[in-house]
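For reference, the chain that follows is the form predicted alone, supplied as structure tokens.
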């Protein structure tokens, strides 16, 4: 019989590493623990404060929003550092980081992740020169969603188009004019970091004057003439994340801002969606974990029927259901992150499965947490009502889960057997 330490009944510390995690390296443990402290001591207090501010106050000078970004940069967990690590190690490290930051505050975590999108996309597309021209030291955004074409912009292959559907006029269009590219139109109010970004990796329709209107990827400095913003968006959840419209009025860009032309666009969108959905999976595992931990702690403190409520069978069953969902979502998120980072071609269906599973889990676990808190869970005095609001937004952003499921299902079809 193997020697092993005795396990006391009921001993479980959810704030420590998962009991189901494989061994981590010293570097991974150090980074995870450092980010956990950052999430607990910096992100959570800032997130609570920002949640109660107006959208204008969130982006105003002196807002705690900027201090969070400044302190995060001190970790050095940027795309340049990630590129120096073996792919598998970098992917797991990033998954650990996103989970801890999501545990801290999902809105701030998304803002930090989106800030790196210009550099991240450059790395994915194999054009590292754009990461140097558009560094992470400036606020970045991923400008893809449009007022009239939210989900459509994620579906360049039209897997979710209805029969006889018409795309209609694009909200944003880049045109080739001589040796320049001229950008006109707008991106919608849901652009994360759109209200404060200094640079954008922009996915747009493109008219090269030769082959019709197709997609392209542009890198756009947002301080140039012709760029303007709408007011930051007031919204239900993730209020620490500044989102807003970006308008382009005949913005003239040099041709070397084009990172992917029409012939490369589908692959660029596929790879970027793999990256974004995988990151969202890890991030919202953190949100689900936070909700579970709050519920578990409260179940030990709150007494009803003469005992702490965790002693009631129904509460035990609820807590276990929450626990298993969190662990299942984490296992999938980390497996997808590593598999896609090391595969010759990433699996979009895997990234989508991770995003849908984690965001749905976060919402369900946060809802169960409110039920365990009872009436107290409805009060802003406790954190679980904010977690529910934050999680609700996640099932729409980066592609609403219904559209993503259609695209994921389309990836499973064997074309040779479909007819």
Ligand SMILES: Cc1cc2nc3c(=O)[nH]c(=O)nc-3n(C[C@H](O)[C@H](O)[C@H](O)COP(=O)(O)OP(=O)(O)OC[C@H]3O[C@@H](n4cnc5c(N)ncnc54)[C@H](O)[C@@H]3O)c2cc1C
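Note that the structure is predicted; figures quoted are calculated from it, not measured. Positions refer to the first chain, counted from 1.
Another form exists, predicted together with this ligand; not displayed. Remarks below refer to it.
The shortest heavy atom separation between residue 72 and this ligand in the predicted bound form exceeds 4.5 Å.
Although the partner is absent here, residue 226 sits far enough away that none of its heavy atoms falls within 4.5 Å of this ligand in the predicted bound form. Using a 4.5 angstroms threshold between heavy atoms, residue 21 stays clear of this ligand in the predicted bound form. Contact check for residue 283: no non-hydrogen atom falls within 4.5 Å of this ligand in the predicted bound form. Partner contacts here mean any heavy atom within 4.5 Å of this ligand in the predicted bound form, and among 317 to 325, 164 to 172, 146 to 154, 264 to 272 they occur only in 146 to 154.
Put simply, of 120, 279, 243, 111 only one has a heavy atom within 4.5 Å of this ligand in the predicted bound form, and it is 243. Note on the partner interface in the predicted bound form: the residue among 310, 139, 130, 190 having a heavy atom within 4.5 angstroms of this ligand is 190. Contacts between 381 to 411 and this ligand, taken as any heavy atom within 4.5 Å in the predicted bound form, involve 393, 396, 397, 398, 399, 400, 402, 403, 406.
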